[in-house]
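Take a look at this one chain, the form predicted alone, written out in structure tokens.
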Amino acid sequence: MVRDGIADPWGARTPYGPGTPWPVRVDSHLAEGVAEEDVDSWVRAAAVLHSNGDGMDLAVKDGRIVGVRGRADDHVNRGRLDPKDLFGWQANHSPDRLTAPLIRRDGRLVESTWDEAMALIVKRSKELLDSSGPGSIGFYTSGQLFAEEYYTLSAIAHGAIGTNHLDGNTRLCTATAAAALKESFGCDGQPACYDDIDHADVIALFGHNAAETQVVLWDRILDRLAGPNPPALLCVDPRETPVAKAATLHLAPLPGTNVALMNGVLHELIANDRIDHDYVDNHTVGYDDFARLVADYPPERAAEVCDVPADQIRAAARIVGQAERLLCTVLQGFYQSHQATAAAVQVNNLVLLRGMLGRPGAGVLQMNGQPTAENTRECGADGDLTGFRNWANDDHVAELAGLWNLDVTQIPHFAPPTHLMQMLRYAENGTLGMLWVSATNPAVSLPELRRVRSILSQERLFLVVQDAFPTETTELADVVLPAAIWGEKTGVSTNADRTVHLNEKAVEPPGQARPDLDIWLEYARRMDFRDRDDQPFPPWNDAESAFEAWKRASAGRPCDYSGLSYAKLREVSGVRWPCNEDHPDGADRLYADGKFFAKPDYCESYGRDLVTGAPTEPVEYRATNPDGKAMLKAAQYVELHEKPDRDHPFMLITGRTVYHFHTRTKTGRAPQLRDAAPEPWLEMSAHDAERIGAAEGDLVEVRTARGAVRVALRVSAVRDGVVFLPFHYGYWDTDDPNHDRAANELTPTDWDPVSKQPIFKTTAAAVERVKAGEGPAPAPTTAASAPAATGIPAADTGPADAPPPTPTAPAVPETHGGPAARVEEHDATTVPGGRR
């Protein structure tokens, strides 16, 4: 079977019933003119442009990647691939790849040698260490590197240099997931797994547009919906996403009111005694305080705050309250909004109250936004202490110092780790003299971009940027290092359900580009970092020896990799941690025995106040949770920091579209993905468009207290009073000198008090029509950005032989990819090369 992978991102349905295996469907795409028999080799990898972790093989011919094919034997995707998987690999061959180091001379970046560039970085590092100490150097990394690279960076930053200024861009997408898990379970670590979709009778998605952020996960849900005894679906999202269209019940609350909504639902569960009292009594603490607080949130009060009918809140409580196997998922609609951690914790409370943990079909998936976000957290490259250790527990710090053979005082545990937004503040006031950015593009992805550009372009800040492509951030750098990317190096990646994959090197990187691991190890050798025995630190020299070192650091901790090896991962396509003597084949679910990683001497965190972010003292934690049970934590709803007013009457939210990833450094260089969504747009309801006198395709200006952008208008089914901008678009592919395209020109410098995740979904904005458009907005018609009331087809939720969807209105042409987007689909009996 063949499909257009752009026009139909989700492909054909393979229906199945509860408790039965998800059928295989292998997706493949090869470059034009290349057939399966032309491929020289297939090389094992996993998806790198989303967090789902789809197992795949890279097709290699004449030393180049020429296509991809899903792995039928992988429990994550059973052969299916996201459109970003199918077409994104072409970015590896982009003609504008960085192929040589650049250094700034007389205000211009000019080509240099590796020796010159590294010597400059080492010279500046030593000057700062001598003059200002370790706190003058900071690192900001990614969610797209491999575990070996994060572990090495963590060892260099926290161990060798002794700075606590280390964070990842996972701060923007997954920090709240980690924080919420620590608050409820004492430790990070995904409780459930994707297999739970196969068993659930209710799936509740909170701020999680899985259809666009995790296409293959949505495929799995669609296949359950198309099969016998489908699950009920609850969707919480202010936009009419494909998830909302398929849902049994769709709640569209005002942005920033998630805590009030969840308190209303939890109030109803208690009021109607939909509680598993045995589970709560035996496995949790905090119920009485929790019940007292949510007693003040009857549905009518929550409805008034959220602008959602009270009857809908009651209906939502009935759906989750009557479930026998309830699976909840959470993503950016909660994580990037007001009271992010408090809201995400209420979802954890929901599954705890219902006793829905540790068995098939029951659990919570606090999702990730990036492919290796889990690894940044495990390895300690996002500010966490390596191996889910506790910064506030001196024994944990000493244990890590022993593993690294360093003096314990070298690891900076005198203060909390510095989150990114605080690092920017230190750079702004001059106390941070060097910032090393790897595989991320803060000049587009961070809020309040005018301020970010001002900070990064200061002469007193020495900015090192390590990337594969020229970006808005490399333009501001003092030194640019060309990096190898996925397909050009080896390492492991761990997805949102703890599945570990090995990614093998398939081709050589272009020019002088080098793996990030090699770059940091060379930096360490040139800096002459030494351990207590005067041996080079870190002691490892390549990817596999770095993985073996990481295994030792993880042993005995929740994220235990000690039973894994490169050899094992070459035999099995994906293994979930913990993988050790107790779980030699990995573990599908955490907390199956009702025991948590929350004992005071073992937990990763003692927690924080959900409203203020104030840390809980160790003695208080020991007193309230001496046995290490799960914790029920309530939170009052707090009003928004920035509310709509007469001058800014709309609430602006930002987010993703199905065809792009982050700032499009890769997807914008893949022709099919680029052309599917070539320019930004603004989504607004038909009612609001009429209020401002604008129509589909008109040029509108969106203004906030920070700036303005001008984009075409898409009249969509977003709720009244809310407007949506995709955040992907910067300036690298436009000659326009005005900074009026990126969504983050508009967003505020504000963050959640617990997770420190920036808030992108509660910005007061004004919208004004500028002039008539020259055609429809360049927004995809296939997903949440579909034009309103035109019969645009939603996700195909019917059986494979269902009639074709309603045709698109002629005024807005359908999004499609044409012959270049050809995708082949095979079932288990027709997989090319046999079943893998």
Partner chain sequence: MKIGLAIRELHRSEKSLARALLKAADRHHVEHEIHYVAKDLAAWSADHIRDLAVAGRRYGVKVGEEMPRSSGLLEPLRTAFSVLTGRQAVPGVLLLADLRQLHRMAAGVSLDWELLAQGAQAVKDSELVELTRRCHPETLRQLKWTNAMLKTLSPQVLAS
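Computed from a predicted structure; not experimentally measured. Positions refer to the first chain, counted from 1.
Although it is not shown, the form predicted in complex with the partner chain is what the next lines describe.
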Seminar exercise, completed: Residue within 4.5 Å of the partner chain in the model of the complex by heavy atom, from Glu324, Glu620, Glu300, Asp273, is Glu620
Problem set entry | Contact residue in the model of the complex, chosen from Ala398, Leu109, Val611, Ala695 - any heavy atom within 4.5 Å of the partner chain | Val611
For this session: Give a yes or no on whether each residue among Ser454, Arg460 and Lys756 has a heavy atom within 4.5 Å of the partner chain in the model of the complex.
Result: yes
For this session: Tell me, please, which stretch of 420-428, 188-196, 276-284, 593-601 lies within 4.5 angstroms of the partner chain in the model of the complex when heavy atoms are compared?
Result: 420-428
For this session: Evaluate His165 for contact with the partner chain in the model of the complex, applying a 4.5 angstroms cut-off between non-hydrogen atoms, and reply yes or no.
Result: yes
Exercise. Just to confirm, Thr749 within 4.5 Å of the partner chain in the model of the complex by heavy atoms?
Worked result: yes
Exercise. Though only this chain appears here, would Ala567 touch the partner chain in the model of the complex if you measure heavy atom gaps against 4.5 Å?
Worked result: no
For this session: Could you confirm whether Asn405 comes within 4.5 Å of the partner chain in the model of the complex, counting heavy atoms only?
Result: no
Exercise. Can you name the residues of 627-648 that have a heavy atom within 4.5 Å of the partner chain in the model of the complex?
Worked result: Gln636, Val638, His641
